[in-house]
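Before any questions on how it binds or moves, here is one chain, the form predicted on its own, in structure tokens.
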């Protein structure tokens, strides 16, 4: 019987195991997971803190016991230390028993994920945490409850940092936000995100920009300007690094940043070794350029591809991704897709920008929505899009993603037929208007 070893669980590894078992009932599957939990909704972690996910256990997607019912062996607290791709072996450390052993595979799926970054000043600080898994969530809540904490210092302005600001406010805590620059939420254009600071201050958040913590003594944190602030709880959300150190010497190719190089089959540079999730380098669907995207959709889709590839269906391939994403920040929704802002500069392009109401303007409930796209002068393709508003953002970004995926150009947006009724849209939606504006700009280039 063929044996497939999977390194890591959560959205990548656990989904790959489930898909592989569904397609291939005759293969033996073993998951080695470094941590305590095999599969959970990590995107929902902040919302348990804020109370929108009232039951923490609802975040658990699978357990070793539920996997065993599907004839999938799960070993938690088991860390893969080395991969010998020539001998098709992995070296595993059982942290609970403090022993090492080897295991052989016919196929290997790598889903090691990312390791959260932290600051040197926060090392060995008992009240400093990250929020990366269920264990982190449990530790943060236990610290709050055990010490009667009603104040928190948040560091970082990515997904996790901003979502935690919102949810700690909803929890009723005093929040201080510290960020080392004035640029809040880098995925979004600065001039489209000028509401972030205003909204934080409206919600009572103490905002400290161009600042960093350099020392923590007791419950006091010292900033780089010498100021001391009260910090009985500190949570850092400053990004992740790929967990791929264990692959050194394996023969598996990594890019310069340590991400595992993969192609449209999910296979790495080594036969019978596949990879997915936050630790891989993949590619954009619409340009073919390389990218790394720590989002769940790509992991779930690649899990399906890899399961089919291992099971002999080589027709199923990964067509790339757009990095379509959305987040909520209090009343605002912020969505982007496509290339990052600095990547767009590599293409000869123009920008189309439009603001209007999300529905018929005479409706009292209508609110502004702002759409910006970056268009290739070469072929009219949409390279990047950003949408901001307080209602209807998800619909617009999803339409754009589907439109691009099916080969639609920016000018083709004029032909998008929306479901119109005053409570939902305008006869000419914001995306139609983007299309018309694109057509006019193209005429200027032809002159």
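Residue numbers count along the first chain shown, from 1. Since this is a predicted model, take the numbers as computed values, not measurements.
Beyond what is shown, the protein has a form predicted in complex with another copy of the chain; the following relates to that form.
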query: Interface membership of residue 185, another copy of the chain in the predicted bound form, 4.5 Å heavy atom rule; finding: no
query: 4.5 Å heavy atom contact, residue 44 and another copy of the chain in the predicted bound form; finding: yes
query: 4.5 angstroms heavy atom contact with another copy of the chain in the predicted bound form for residue 19; finding: yes
query: is_contact(residue 350, another copy of the chain) in the predicted bound form, heavy atom dist at most 4.5 Å; finding: no
query: Check all three, 54, 403 and 406, heavy atom within 4.5 Å of another copy of the chain in the predicted bound form; finding: yes
query: Stretch in contact in the predicted bound form with another copy of the chain, which is absent here, among 374-382, 390-398, 63-71, 28-36 (heavy atoms within 4.5 Å); finding: 390-398
query: Sequence-ordered residues of 419-436 touching another copy of the chain in the predicted bound form, heavy atom within 4.5 Å; finding: 419, 420, 421, 422, 423, 424, 427, 428, 432, 436
